[in-house]
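Before any questions on binding or motion, here is one chain by itself as structure tokens, the form predicted on its own.
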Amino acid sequence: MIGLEIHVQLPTKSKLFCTCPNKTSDDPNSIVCPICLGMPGSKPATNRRALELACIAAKTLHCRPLEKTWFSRKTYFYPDLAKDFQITQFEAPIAINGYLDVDGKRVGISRVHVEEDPARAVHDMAPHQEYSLIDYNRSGVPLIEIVTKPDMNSPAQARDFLRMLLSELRYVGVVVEGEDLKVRADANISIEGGERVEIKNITGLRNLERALEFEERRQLKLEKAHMSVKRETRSFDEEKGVTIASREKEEEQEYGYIFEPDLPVYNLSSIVDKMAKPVTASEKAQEIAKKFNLPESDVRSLILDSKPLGELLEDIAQNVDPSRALRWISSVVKAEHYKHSEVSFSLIKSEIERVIAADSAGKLSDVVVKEAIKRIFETGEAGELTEIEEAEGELEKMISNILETEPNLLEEIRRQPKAINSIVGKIIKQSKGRYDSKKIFEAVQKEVEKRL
């Protein structure tokens, strides 16, 4: 049984309880104030936008927002908390009882709540001079914590769930593209009949899977040796790929939660009632697929990869063959978009549409389309498009010439049928993209069969 506690930094302009900018800096302790340093007498004030983003996340995950929410002090002593407590939510989270469907598996969401991030501890383990430094720039950054039910049954399933969760939250603007790589997760895992072990602060999808795989093997070995699994908190060593015991697992009552007296009770109804339900990536994929008669799984994959690519597909598919639009946007356009991320679709959309429209009309070969799309991202224009030429018998003559001048090719094809692709490649190169690759393949296959 696997459950996750996922910590997502919210993309607000300022921190959760003060006006310090919510950004990173290479200069330690440069983005701080008395509030995020926890100095005596400083008074926090809640960032409303953080509550709004938390509500959007909750609705995206089909959770039920509570009518009222408030903050509590979670007391524990560690250098990354200057005031010796963290302002978080315990009794009254933002929302409860949601779910997320991943590949036909429904994973329950217990709660979504808001809390402040602690500072960052930097450990230096150099020989004979072990020490830690604290950078408080991160202190007070707004987080939402998403707590799942223990509904996942394998490390791979946990990885796929986290990937889908981040994609959905990125689509509705709760996670900024690129920032999802910084998301931290605590993973709780137990084998049947065994105690639960928590692995803290795992960063990255692959590391989550690796940590759970190791911990699963470790617990199974203990069970096989008739030894009990100790309930504890462990950390994951990324280099060695192992989990390491750090302390006994705390119970919630050990944190001594008390109501945060410097902050009021918040009426969430005033936020939620004004908020339209966010359209999730899965819902948008279903809508586009139905509208243009496209495979829903392919559309969802594109949208989860990039919201702008999904919007481009929806715009262009209204004017060209939708299946052709999906094919090219999911392949060449997507690859060039990631290569030239600075290029805005608003500037080149009409040129992409012109190329795909010509391809939809059967006027361009695959080679010409690929080169044209690459030029669009490099120069902003596709330039002149070389249309397919249908000169009678010219294609067949080119194939015959190659087979006659290189008779060894037939022997290669007899031994390995895939060698036929080398002839297709030669024709594409000689014709400079005047013929569609599918038509070339069919013509080569026909000519080869005559001679075998």
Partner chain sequence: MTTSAIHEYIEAVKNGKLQPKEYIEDLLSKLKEQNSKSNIFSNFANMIETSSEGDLQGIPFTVKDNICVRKSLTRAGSKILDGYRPPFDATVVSRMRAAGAIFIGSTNMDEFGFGTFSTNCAFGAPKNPFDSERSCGGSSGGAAAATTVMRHHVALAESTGGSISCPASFCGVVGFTPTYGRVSRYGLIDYANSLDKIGLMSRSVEDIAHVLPIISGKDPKDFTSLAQPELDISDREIKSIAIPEELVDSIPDAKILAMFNESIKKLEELGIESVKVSMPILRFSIPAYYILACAEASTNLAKFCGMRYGKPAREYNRMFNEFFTEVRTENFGTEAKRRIMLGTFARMAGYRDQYYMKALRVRRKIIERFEEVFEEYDLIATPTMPLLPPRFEEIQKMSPATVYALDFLTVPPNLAGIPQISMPMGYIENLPVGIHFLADHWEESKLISVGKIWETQVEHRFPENLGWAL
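Numbering follows the first chain given and starts at 1. The structure displayed is predicted, hence computed values, not measured ones.
The same protein also has a form predicted together with its partner chain, omitted here; what follows describes it.
Shown alone here, S42 lies within 4.5 Å of its partner chain in the model of the complex, counting heavy atoms only. Among residues of the shown chain, P28 is not one whose heavy atoms approach its partner chain to within 4.5 Å in the model of the complex. None of the heavy atoms of G425 is located within 4.5 Å of its partner chain in the model of the complex. Contact check for G38: a heavy atom falls within 4.5 Å of its partner chain in the model of the complex. Annotation: in the model of the complex, residues T46, F90 and G256 each come within 4.5 Å of its partner chain through at least one heavy atom. Figure note: of the listed segments 214-222, 295-303, 356-364, 82-90, the one touching its partner chain in the model of the complex, with heavy atoms no more than 4.5 Å away, is 82-90.
Checking F377, F236, W328, Y136 against its partner chain in the model of the complex, a heavy atom within 4.5 Å turns up for just one residue: Y136. A heavy atom within 4.5 Å of its partner chain in the model of the complex is found for exactly one of K370, R170, R159, R73: R73. In the model of the complex, its partner chain lies within 4.5 angstroms of at least one heavy atom of each of the following residues of 262-282: D262, L263, P264, Y266, in sequence order.
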